[in-house]
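Single chain ahead, by itself, as structure tokens, in the form predicted alone.
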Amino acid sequence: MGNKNREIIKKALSKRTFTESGEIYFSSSSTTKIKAHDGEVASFSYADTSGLGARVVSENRMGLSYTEKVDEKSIAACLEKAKENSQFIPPDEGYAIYESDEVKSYNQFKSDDLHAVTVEQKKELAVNIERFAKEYDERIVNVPEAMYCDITNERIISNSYGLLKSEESSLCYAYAYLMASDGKDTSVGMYFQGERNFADLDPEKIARLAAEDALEKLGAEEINSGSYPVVFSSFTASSLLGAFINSGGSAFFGENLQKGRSKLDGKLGEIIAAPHINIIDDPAIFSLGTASFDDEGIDASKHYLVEKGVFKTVLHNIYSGKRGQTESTGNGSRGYSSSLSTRLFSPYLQKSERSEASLFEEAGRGIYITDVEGLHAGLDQISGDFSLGAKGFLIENGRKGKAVTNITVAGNFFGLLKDIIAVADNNRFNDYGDFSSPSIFVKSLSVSGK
């Protein structure tokens, strides 16, 4: 459908005589989901979604409209409606369409083998995840979710300056969520793997690591409240840091700085983190959010948000860039039916050459946190404060000790960036998070227990 949609959209714009600037944004996705239970396929779904949004800027006013029909007549009507809607919007010099006549197609993030994989092979993978998990240990008593999914996406952006960019991308992923019991205690475990190619998915590994995650948590105990050195696992560090860095309320987004919603306002070029901290967004790294260009048509590029502890980059779309008297960094985000915002592509905390075990050794004693809960309700993106339910293990004599449960860890994101003593070498870009971090060692956090 890629070439056909490109030609329809290109033709619709070329037929129109513009006295204002206009843009068409098209996106579509096809999603397959397969769930296995009791040795067979429990559910199977396939869904196609698509839509087209128009933006028109006229006399410093921007109008929006969208349709789910992709034909010349519907596109023309959508553009006219967007122009009409612009008359009801107050003028703002920040409104603009990307002035480029580039014509380019991308497919470097499209799977090499997904098109050739049969439905039966996909079903077999899901069933095997459950089978491997149950065979791994008799204490695995239930596998509520053994899932396989794949997504194929297409985006097309065209505008009245002659821009026409398109991209086809795809990914597949699988995960196991399971329960373990020793007769006295019950725990849950999970492992997720996302890949560009189906052949790289490993159902046995997914099952094994999910099972190990659950089994090692059995027999968890409560601990006393206090201030502890803390090592966050790669998974929890990714979740916690990502909730502040790669979210709508990110302190690094220009729109939030301009609206007084970021504590980083006025701190560009200043030290905001420990000197060994580098936070980078690199679209060339394949992850669940990667793309070749942003949703305004600007090529995505690598940015250091933090370099050697210094705040280096404010991320902008065209609107926030113009409002800040600078240019877009190529981080515009929108859906066909939504307004413009800001996004990251493949953000991560740069790893070191140290193992996670070496962080335990340096800590000596403390807590290793492997699960956090309440990321949406338990943090304030503006102040940076967080208070989250957590589970994990004691660190005793420089090694991972007994499992702990029913604790709450509290701190501040901006303080945490300065208090990261060391980072490990275990980033995972194929996890389902919005951010990739290695395990991190923080010198002290408040922990509430019994």
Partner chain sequence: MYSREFYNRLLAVALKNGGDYGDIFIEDTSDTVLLFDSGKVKSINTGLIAGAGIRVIMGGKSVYLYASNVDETKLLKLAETVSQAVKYDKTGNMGELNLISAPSSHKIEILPSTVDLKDKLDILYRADASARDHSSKIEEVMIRYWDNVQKVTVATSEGRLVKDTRIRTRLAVTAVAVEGDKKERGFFGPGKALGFELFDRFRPEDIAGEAARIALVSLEAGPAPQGKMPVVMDNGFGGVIFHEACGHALEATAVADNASVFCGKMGQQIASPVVTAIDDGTLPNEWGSQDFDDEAMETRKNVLIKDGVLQSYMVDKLGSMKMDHPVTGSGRKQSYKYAPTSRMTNTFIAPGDSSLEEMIASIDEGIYCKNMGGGSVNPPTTDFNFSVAEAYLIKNGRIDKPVKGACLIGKGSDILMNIEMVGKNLDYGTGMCGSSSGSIPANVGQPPIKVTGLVVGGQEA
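Rigid core here is just the name for the largest C-alpha set that superposes within 1.5 Å across the two forms. Values in this document were obtained by computation on a predicted structure and should not be read as measured data. Residue numbers count along the first chain shown, from 1.
Just so it is clear, the following notes concern the form predicted in complex with its partner chain, a form of the same protein that is not shown.
Though its partner chain is absent from this view, in the model of the complex it lies within 4.5 Å of a heavy atom of just one residue from Val404, Ala424, Leu388, Ile420, which is Leu388. Shown without its partner, this chain lists Asp150, Glu255, Glu167, Asp213 as candidates; in the model of the complex, only Glu255 has a non-hydrogen atom within 4.5 angstroms of its partner chain. With the partner left out here, its partner chain still marks one of 278 to 286, 107 to 115, 124 to 132, 332 to 340 in the model of the complex; by a 4.5 Å heavy atom cut-off that stretch is 332 to 340.
Its partner chain in the model of the complex is not approached by Phe414, whose heavy atoms all lie more than 4.5 angstroms from it.
Its partner chain in the model of the complex comes within 4.5 Å of a heavy atom belonging to Tyr177.
Not displayed here, its partner chain is approached by Ser187 to within 4.5 Å at the level of heavy atoms in the model of the complex. Remark: Ser45 counts among the residues lining its partner chain in the model of the complex, judged by a heavy atom distance of 4.5 Å or less.
For the three residues Gly226, Ser383 and Ser448, a heavy atom within 4.5 Å of its partner chain turns up in the model of the complex in every case.
For the stretch 348 to 380, the set of residues having any non-hydrogen atom within 4.5 angstroms of its partner chain in the model of the complex comprises Glu373, Gly374, His376, Ala377, Gly378, Asp380, in sequence order. For Asp38, a C-alpha deviation below 2 angstroms is recorded between the shown form and the other one after rigid-core alignment.
Annotation for Lys402: C-alpha shift under 2 angstroms between the shown form and the other one, rigid core superposed.
After superposing the rigid core, the C-alpha of Thr67 moves by 2 Å or more between the shown form and the other one.
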